[in-house]
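Have a look below at one chain only, the form predicted on its own, in structure tokens format.
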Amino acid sequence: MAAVAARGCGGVWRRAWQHGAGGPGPSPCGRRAAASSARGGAVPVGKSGLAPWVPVVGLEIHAQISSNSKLFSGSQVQFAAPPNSLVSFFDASLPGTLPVLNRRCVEAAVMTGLALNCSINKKSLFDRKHYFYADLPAGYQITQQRVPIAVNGSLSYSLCIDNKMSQMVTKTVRIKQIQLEQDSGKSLHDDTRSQTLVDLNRAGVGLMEVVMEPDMCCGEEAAAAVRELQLILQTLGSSQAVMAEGQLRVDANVSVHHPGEPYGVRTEVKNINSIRFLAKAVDYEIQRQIEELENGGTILNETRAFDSKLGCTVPMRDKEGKQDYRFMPEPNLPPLILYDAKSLPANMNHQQVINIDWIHERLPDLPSVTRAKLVERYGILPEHSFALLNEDGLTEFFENVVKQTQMKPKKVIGWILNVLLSYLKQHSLTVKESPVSSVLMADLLNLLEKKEISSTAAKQVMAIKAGNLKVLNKLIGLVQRETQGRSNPVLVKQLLEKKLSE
């Protein structure tokens, strides 16, 4: 019998067995998990009825704080710097060196906590988390295990129903805590020489660990929540959150259980560095666990990694012998004390303390607010506001075009999303790399609005600006047809190129 899994983000995955020779077996490693939806997938009829499964997904997200220096030292933070070129004595854990807390990192954590509706602890503590690894010179990481800087928040995110942008549902995930901690160095394994090289440039870089409660049930939800968090961090400026540079790394905790039963044994998929890979990793791990359990196996409490080439998770190490991190208070750092307007002493130097209320008053509009304003101001659809914010620089591009054209915003958004954005995605370009400027697009849309050109001609001009010479030849052919072959094609080409370069 071949196994068939059907499920959705509604919270229950169902499974049925197709009749056939042989017994059920696990799917091959490279098999792609079926796409999930916000309301649920198809429910096949099983041999002996349906056996529903409830997936549970929680996330731990490590966001690198946007700061010029590290969390406890003055070493510079720079991506792709020469190995071991940004390492202070403290980063290398030389005896006698002491940590000095970076004010910017604290402010970034407070800002993030407020944006995620957290309670900010006016008194938080630092701890040592002990474990041995080559890229952790001190043998411990300074973190906030007991009393983190922010607790009990929430994040609202939206996702499409059945992949339809016109149908969206909003969900909320609870934020357990946000804690400040050091990043570790980087180990580079050279299999050819059978050696491991260590780069300590990243050691001591400030991180915010955002711990999300297990309120999600599929890869699509996890991906949508992380994307919304990424937008918030970038809006605040507390983290650049560029996943390709390791500035946002996700650990996913996944388990499955039958309704009404206790949660199952969970596995942790570590260091996922892409939102697309996150969705695939979570969905694959859910499917793998269901197959394992229905084949009579057991789920190990283990750490796994996602192999993006094979599209599957693979074991890293098991957690059955629970590691004792020997948490202890950090003796070289006093409690971190924050103030609000009520608790701030009158004679205190404001530059020497961090005022929670002062930071709260200066929070920028969050993505949810910006989307609502776009819908209200321009009359566009809510799903269009999501598309604008999801692409860096696209909102600004849209607003610049609207300012310079007579066309209604509802029509402008169609051109930007259906024509411009489609081209950019097809050629893996960012909005800043667009060959079509907002000024050119506004000029084209003005001509289109005045009915001086057709929509086909406008698209052809945009295609030529984007480097499509076939369209230029087509325009030359149209001129030749209009002039009944009396025009000089070389001169026509030169004139067109001159006009298009203006």
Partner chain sequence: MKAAASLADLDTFAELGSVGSGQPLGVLDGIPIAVKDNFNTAGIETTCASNMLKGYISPYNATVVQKLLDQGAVLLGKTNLDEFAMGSGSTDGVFGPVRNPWSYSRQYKEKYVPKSFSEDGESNWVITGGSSGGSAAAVSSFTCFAALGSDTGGSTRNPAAHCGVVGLKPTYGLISRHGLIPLVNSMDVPGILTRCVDDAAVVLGSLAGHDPKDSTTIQDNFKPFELPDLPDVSKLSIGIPKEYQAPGLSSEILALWSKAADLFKHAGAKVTEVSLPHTRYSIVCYHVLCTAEVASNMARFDGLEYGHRSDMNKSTESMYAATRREGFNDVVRGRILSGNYFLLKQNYENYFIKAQKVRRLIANDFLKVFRSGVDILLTPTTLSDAVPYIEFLKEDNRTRSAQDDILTQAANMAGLPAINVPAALSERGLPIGLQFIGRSFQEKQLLTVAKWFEKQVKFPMIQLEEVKRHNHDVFQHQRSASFS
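Remember, it's a predicted structure, so these values are computed and weren't measured experimentally. Positions refer to the first chain, counted from 1.
Another form exists, predicted together with its partner chain; not displayed. Remarks below refer to it.
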item: Position in contact with its partner chain when the complex is considered in the model of the complex, options D324, E361, E261, D191, heavy atoms within 4.5 Å; value: D324
item: A341, M168, L94, V375 - the one with a heavy atom within 4.5 Å of its partner chain in the model of the complex; value: L94
item: Candidate stretches 332 to 340, 227 to 235, 248 to 256, 394 to 402 - the one whose heavy atoms come within 4.5 Å of its partner chain in the model of the complex; value: 332 to 340
item: Close approach of V100 to its partner chain in the model of the complex, 4.5 Å, heavy atom; value: yes
item: 4.5 Å heavy atom contact, M328 to its partner chain in the model of the complex; value: yes
item: Touches its partner chain in the model of the complex: G311 (any heavy atom, 4.5 Å); value: no
item: Any non-hydrogen atom of L200 within 4.5 angstroms of its partner chain in the model of the complex; value: yes
item: Those residues of 128 to 144 which, in the model of the complex, come within 4.5 Å of its partner chain by heavy atom; value: R128, H130, F132, Y133, A134, P137, A138, G139, Y140
